[in-house]
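This document opens with one chain alone, in structure tokens, the form predicted alone.
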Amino acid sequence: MILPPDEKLTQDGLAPTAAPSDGRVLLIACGALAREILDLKDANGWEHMALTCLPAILHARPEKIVPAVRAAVDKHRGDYARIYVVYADCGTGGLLEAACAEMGVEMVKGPHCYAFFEGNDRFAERAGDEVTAFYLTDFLVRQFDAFVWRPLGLDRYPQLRDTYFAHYEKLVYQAQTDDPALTDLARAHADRLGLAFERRVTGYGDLAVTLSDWAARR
């Protein structure tokens, strides 16, 4: 499948990739995960799993994530055999987990995508040593201006950079793919923020494990 541009995934999300059917599973995901989910689907032949994505920019307003997920589940519940929610907590303070439990749908475990890409257990082990780390994923490297630079007003007031990032020491690029161009771009973002740079190859982490488990439930 040809994905829409990252800007469209940021603002609009993604319509369902396959028509409803009695045996089909629907993944309701964050637009920031579309590329990774489709790569995993293609690599593993999960043809019975359809994908729809909510706008990735909802992460800038986490209070809107739960209502948007509820609306998507209600909209599609009657059209698919099962629905899974491909979000972690993502700043909802446990409200998304509670809503998913109420609706009877499963979601990805973890506090956020940085944790499940690295592996929730491994991320938790590092947490105490990385309170000064600022994380980017492949998607956020590509959409840095939309999610970091402009929302913080740094396009208009670049002098605020040192205030916002005074307590950060390094930018950790969690690489889902081995892409030299993305690595160069991530390093450039670290330079823009005045931070040291670390590239950490995570692959798809617990996202791959979770989707594999869901795909096997026929």
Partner chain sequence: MADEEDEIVLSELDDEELVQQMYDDLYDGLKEEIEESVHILLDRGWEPYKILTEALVGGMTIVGKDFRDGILFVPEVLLAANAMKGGMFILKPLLAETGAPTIGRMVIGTVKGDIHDIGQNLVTMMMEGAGFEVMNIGINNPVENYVEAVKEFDADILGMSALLTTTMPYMKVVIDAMKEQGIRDDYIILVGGAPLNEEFGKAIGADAYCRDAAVAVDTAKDFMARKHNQMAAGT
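Residue numbers count along the first chain shown, from 1. Computed from a prediction, not measured in an experiment: that's the story for all the values here.
This protein has a second form, the form predicted together with its partner chain, left out of what is shown; the following refers to that one.
Checklist entry - Within 4.5 Å of its partner chain in the predicted bound form, do we find a heavy atom from each of Leu95, Pro111 and Tyr164? => result Yes.
Checklist entry - If we take heavy atoms and a 4.5 Å cut-off, which stretch out of 36-44, 50-58, 181-189, 167-175 is in contact with its partner chain in the predicted bound form? => result The contacting stretch here is 167-175.
Item to check | its partner chain contact at Leu152 in the predicted bound form, heavy atom, 4.5 Å | outcome: It does: once its partner chain is placed as it appears in the predicted bound form, Leu152 has a heavy atom within 4.5 Å of it.
Checklist entry - Any of the heavy atoms of Gly119 lying within 4.5 Å of its partner chain in the predicted bound form? => result No - in the predicted bound form, heavy atoms of Gly119 and its partner chain never come within 4.5 Å of each other.
Checklist entry - According to a 4.5 angstroms non-hydrogen atom cut-off, is Asp89 in contact with its partner chain in the predicted bound form? => result Asp89: contacts its partner chain in the predicted bound form.
Checklist entry - So which bits of 141-160 sit within 4.5 Å of its partner chain in the predicted bound form, heavy atoms only? => result Counting only heavy atoms within 4.5 Å of its partner chain in the predicted bound form, the contacting residues of 141-160 are Pro151, Leu152, Gly153, Arg156, Tyr157, Gln159, Leu160.
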